[in-house]
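First, one chain by itself in structure tokens, the form predicted alone.
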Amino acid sequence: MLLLAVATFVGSQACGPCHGAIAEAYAKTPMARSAGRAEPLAHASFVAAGHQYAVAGRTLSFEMGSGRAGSASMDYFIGSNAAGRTWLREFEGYLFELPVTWYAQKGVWDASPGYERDAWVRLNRPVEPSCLQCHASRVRSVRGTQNRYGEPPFLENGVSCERCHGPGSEHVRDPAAAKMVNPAKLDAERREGICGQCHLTGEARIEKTGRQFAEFQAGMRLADYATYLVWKGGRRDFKVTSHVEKLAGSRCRTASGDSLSCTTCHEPHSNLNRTQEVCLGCHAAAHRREENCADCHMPKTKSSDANHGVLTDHSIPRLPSQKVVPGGTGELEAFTGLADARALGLAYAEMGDRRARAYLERATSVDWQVRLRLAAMEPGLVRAAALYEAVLKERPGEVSALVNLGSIYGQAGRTADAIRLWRRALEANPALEEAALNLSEVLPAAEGAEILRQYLGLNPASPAGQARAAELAKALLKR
């Protein structure tokens, strides 16, 4: 009887002995260097989003007002530094994104994306696996938590060989019998899914029922794992990783069909840019052919979701003045996958669009994600509680369900049950402000003060946390 083995990931170091030249070239590319342990930094002082910061070595220091200062360790980085680099703080296996980024294109420190308008120095943004997976390989997320990982949190810095060629254990064991995935030999949909897993943004990415995006591997159909939704008619701005959908809407792709792909212009193993020869291959009589075609027809454009960042316009406008595509029509459609009621409802809910509920109530596939969104929209506490309870049966570590159901229980006088849920939320993410504050309200003052002490150790500048801690301190002094 023939027993088949399931291939597992073994790491890029296993590729080098047979593919030395390729491995050496790829190790120097930005994709291969997009995550890792932090190295000591030269001293720099700067202001970002109105806050004073300093970096030195592996420490970020900041001012919190009233003469108080704080600091945080800089333990890991994400970003190849081609455009920029952001740092992560580690605490007992939990990862948090720091609020400052080095923007290499302009050579400046500034607020990380999403921190630009923060009124205080926030250190509790969790780094979830969906973020880390596009920067590192073999991510070791801990089940039942929001942002906890093994030690180390990922086994390979950057995007590994196996992200594009599939798990290699069987190929290493018997190269002749077990072939690796060759993207060039895949059909267009499967080939483009390899790049699309990290370079396709859309307005929302909705996981399919019963599927986890982290399970996607090279050679599979991306649409079997997630539906990507975009605005009908495109959008005016550019996102950092919107390359795939921009290219798909270009006139070049429309005319060339599946023969034009990401690797037509980008040699993946060396990052060699072949754009000019590709352009002249179709436009041999092009005007000003001695110049770089991409300078005018793929202009660098400021991204909407990153400070100081510019990206190449893959919509390939005929004239530079046409680089901004028409605005969307206000309706979402599927770019990849099926835009059914569930996908549309979850996407609109993610965007805060009031159309979400009507779609979600029509969804034929109702899972924890649908129930979670419906619970947040449900005005009736009994019905909302039932929905949150169903979510937690399927997803025990879902922090929003833990916190919100705890609040409903608290209002109903079920204090012990509320405390249990909020404690569980802090196990999933110890810097969850809502859970810490709620516990400080219902626990004895000394115990509540200890909860806040631990929370403020992670997020010391929190105005709400500081205010509540001061209230408890006064209460304890009166005893």
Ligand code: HEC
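Because the structure is a prediction, the values reported are computed rather than measured. Residue numbers here begin at 1 and follow the sequence given.
Omitted here: the form predicted together with the ligand. The next part is about that form.
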item	value
Stretch in contact, per heavy atom within 4.5 angstroms of the ligand in the model of the complex, of 65-73, 437-445, 413-421, 24-32	24-32
Complete contact of R373, S407 and A475 with the ligand in the model of the complex (any heavy atom, 4.5 Å)	no
Distance check, A464 to the ligand in the model of the complex, heavy atom within 4.5 Å	no
Any non-hydrogen atom of A343 within 4.5 angstroms of the ligand in the model of the complex	no
Partner proximity in the model of the complex: L456 to the ligand, non-hydrogen atom cutoff 4.5 Å	no
Close approach of E207 to the ligand in the model of the complex, 4.5 Å, heavy atom	no
Among the candidates R355, H269, R395, R190, the residue which, in the model of the complex, approaches the ligand to within 4.5 Å (heavy atoms)	H269
Residue among R148, R89, R163, R122 with a heavy atom within 4.5 Å of the ligand in the model of the complex	R163
Those residues of 145-179 which, in the model of the complex, come within 4.5 Å of the ligand by heavy atom	V159, S160, C161, E162, R163, C164, H165, G168, H171, V172, P175, A176, K179
